[in-house]
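Quick setup: one chain, the form predicted alone, written in structure tokens, and binding and motion questions come after.
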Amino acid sequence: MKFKAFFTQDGMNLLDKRFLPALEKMGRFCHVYLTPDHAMFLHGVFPEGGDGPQCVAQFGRDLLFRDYRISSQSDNRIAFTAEVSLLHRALHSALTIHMQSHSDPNAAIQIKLVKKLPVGAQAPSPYLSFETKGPHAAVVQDVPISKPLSRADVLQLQSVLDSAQELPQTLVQVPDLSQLQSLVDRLKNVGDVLAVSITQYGDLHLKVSTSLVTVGSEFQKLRVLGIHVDPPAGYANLSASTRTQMAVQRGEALSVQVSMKHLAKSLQCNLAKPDCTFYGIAPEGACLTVIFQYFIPGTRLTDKAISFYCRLPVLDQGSG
């Protein structure tokens, strides 16, 4: 089992300033999953059966790395667990040293899997090693990682990722995540369970109910990807709750309940500075999906080298 590569400048900046800070907010540990074509950071995805949000950040190999070399008995795929803060600290430190050598054309940051014998240990342990090569010396930082997953576990992990590829039939774009963040901050003081409804008309409804009070908000006429229909006559004159019930009954909306804590945590992914954010409910109310879209710099074209999404488990199977 071997892996080594050099970071690209864009790759270092993306991870250091955007994605690793977001992943740190999701949880202490993540899986790093390396394939011949992609590098992924996964939270809550494997093993299956967890009750928290799943988060997947996938990057095209050439966006993050150059001189990328990987081999294993698991179809040249390698997966292991690492502490996100240690990954971030090592990369940030390496980047700082690298910037001091920016005038040296040979300066680079290499990342590779190694085994080393810890002090006092009788058997070597695996590490992800960051080596910053400068004009006069090389600085090495070793991040401890778990034993890489077995071939069977890697196949199961890939199967879990493949099963999550189906998109909701309707996605609505939330134009201002900071506004949504403020709303959720207010609503979480009311209750722990949030009802989320998404219509094919482009409406997003959020509601918290307790025995004493019901508080909600709605975003209307949002941009829609996927199935989009016009609302029925007189729809705008109805109350928000009546509109939602009507849309669900007509099969033109889905509604689920999710943990307020889970939604608040998923909003921390805004630290990765997406260009667009879409919300959708999976078929049969299986989960609430949040998809973060990135553009190729200087354009409005989707950057297909970056895929970032969260899947929030539902507290019931919803309706629709």
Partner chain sequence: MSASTGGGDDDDDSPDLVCQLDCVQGMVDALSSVRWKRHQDAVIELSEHGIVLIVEESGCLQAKVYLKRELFISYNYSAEGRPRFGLSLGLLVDCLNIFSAPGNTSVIEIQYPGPDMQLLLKSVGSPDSCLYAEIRTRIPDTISWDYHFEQAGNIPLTFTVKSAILKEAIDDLDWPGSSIQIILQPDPPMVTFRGEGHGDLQIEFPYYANTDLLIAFQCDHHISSRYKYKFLRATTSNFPSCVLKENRSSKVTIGRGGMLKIQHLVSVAKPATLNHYADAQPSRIAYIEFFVKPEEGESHSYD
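Numbering follows the first chain given and starts at 1. All values reported here derive from a predicted model rather than from experimental measurement.
What follows is about the form predicted together with its partner chain, which we do not show.
Only one of 151-159, 71-79, 116-124, 211-219 places residue heavy atoms within 4.5 angstroms of its partner chain in the model of the complex, namely 211-219. In the model of the complex, at least one heavy atom of R186 sits within 4.5 Å of its partner chain. Its partner chain is not drawn, but in the model of the complex it has no heavy atom within 4.5 Å of V143. Though the partner is left out of this view, H98 does not reach within 4.5 Å of its partner chain in the model of the complex, counting heavy atoms only. Among heavy atoms of M246, none comes within 4.5 Å of its partner chain in the model of the complex.
When you look in the model of the complex, the only residue of Q173, S85, Q110, S241 with a non-hydrogen atom within 4.5 Å of its partner chain is S241.
Among the residues L177, L167, L128, V190, the one placing a heavy atom within 4.5 Å of its partner chain in the model of the complex is V190.
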